[in-house]
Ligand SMILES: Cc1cc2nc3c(=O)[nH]c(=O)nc-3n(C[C@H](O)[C@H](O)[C@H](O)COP(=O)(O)OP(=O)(O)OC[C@H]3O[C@@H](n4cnc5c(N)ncnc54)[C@H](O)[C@@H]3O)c2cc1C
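Below sits a lone chain in structure tokens, taken as the form predicted alone.
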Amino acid sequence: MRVAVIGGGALGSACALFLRRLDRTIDVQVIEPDPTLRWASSARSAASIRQQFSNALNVRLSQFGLQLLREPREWLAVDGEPSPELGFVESGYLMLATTAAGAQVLRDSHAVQRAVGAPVVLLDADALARRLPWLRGDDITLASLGQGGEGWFDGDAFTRALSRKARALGTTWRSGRVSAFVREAGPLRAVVLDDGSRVEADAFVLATGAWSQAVGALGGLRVPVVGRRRTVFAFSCPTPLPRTPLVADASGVWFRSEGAGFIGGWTPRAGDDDPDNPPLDQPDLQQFDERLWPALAHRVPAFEALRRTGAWDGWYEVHPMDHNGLVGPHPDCANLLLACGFSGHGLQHAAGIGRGVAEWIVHGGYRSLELAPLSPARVAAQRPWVERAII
């Protein structure tokens, strides 16, 4: 069997890795136009992992991703080379609610998380003040704190480790951009690259992140995934603080420790977002003064004196209908499997998605985790699979 994976970021590399891990007879080629991954979401993200989701499947996907971060020698080491350094900092997430409705979401999610073994605790305002005295909590109705299995890591190093391991298992990489699809009576037979060459395969995987809509359109296929800009700001604080968890404030602002300073950002609400696929390398610096600083100073009094020290931007590959990924065969082209649209949690779920896509291709169905809720067929049926904990 021949499989062509379109996209060599974290998701594409994970698909390639697990295809070769499951069946060494499969010829796997990865097509990637940017070998440096300069524009890849994985290289420009805040690279965090959490178990605090409202759906059990998303929790389990994070738990598998956690295995790779905790045990890189077992999963990602290449013979004769040192175990990859992934920079995993296990420091937890803190989700804050300031309304009764928000508190109920945390309670409902907590029940789901605990049922699948996530070490998460709920805290009222008094308990929160005792644990984190540097945090203002008088307006908090409830907080959820991860006590293990959450934190952040080096997203670029993780993606390169996935790619290196896939290559070591026999995957080949093609540098090029897909410019056309060749379809015959429905199935996809080949893709044409920008240099005119063709890559023929029996199955194809579309893992092109924010570019997925444009790539799908080359074959007349609807892939409702768009790129939305997210800016990450670095800042310092003159008041020494202990290492923080990643704090997701009810205002939509998030922050966490990063070395001697901090990084943070803002999750736009409906109607506040940038247009689809805006240009990058133009961080929205105004956002810091208008959105972040007021919310940060409110939540952490010491941040009143913070100073912005840097900023960068990247794309979230957003599936607007429900902000969950599209995984599995395209309903109009059965031999094209999608692995895109994760709206900010693709990097932490890349391993589980890659394993699932590989199982589908090799076995004809999912074996480890049932990924059917993420099927692209839900789009045409207008059946959103809602995740209530989107950051």
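In this text the structure is predicted, and so the values were computed from the model without any measurement. Don't overthink the numbering: it's just position in the shown sequence, from 1.
Keep in mind that the form predicted in complex with the ligand is not shown, yet the notes after this line are about it.
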Exercise for the section: With heavy atoms only and a cut-off of 4.5 Å, decide whether Arg114 touches the ligand in the predicted complex. Expected result: no
Practice task
Indicate whether His345 is a 4.5 Å heavy atom neighbour of the ligand in the predicted complex.
Solution key: yes
Exercise for the section: Consider His319 of the chain shown here, and say whether it contacts the ligand in the predicted complex, taking contact as heavy atoms within 4.5 Å. Expected result: no
Practice task
Using the partner position in the predicted complex, report whether Glu359 sits within 4.5 Å of the ligand, counting heavy atoms only.
Solution key: no
Exercise for the section: Would you mind picking the one in Leu61, Ala40, Val327, Val28 that has a heavy atom within 4.5 Å of the ligand in the predicted complex? Expected result: Ala40
Fill in the blank from the handout: From Arg177, Arg189, Arg308, His298: within 4.5 Å of the ligand in the predicted complex by heavy atoms is Arg177
Fill in the blank from the handout: Only one of 359-367, 32-40, 319-327, 64-72 has residues with a heavy atom within 4.5 Å of the ligand in the predicted complex, and that stretch is 32-40
Practice task
Using heavy atoms and a 4.5 Å cut-off, decide whether Met95, Pro245 and Thr267 all contact the ligand in the predicted complex.
Solution key: no
Exercise for the section: Enumerate the residues of 1-19 that have a non-hydrogen atom within 4.5 Å of the ligand in the predicted complex, in sequence order, or give none. Expected result: Ile6, Gly7, Gly8, Gly9, Ala10, Leu11, Gly12
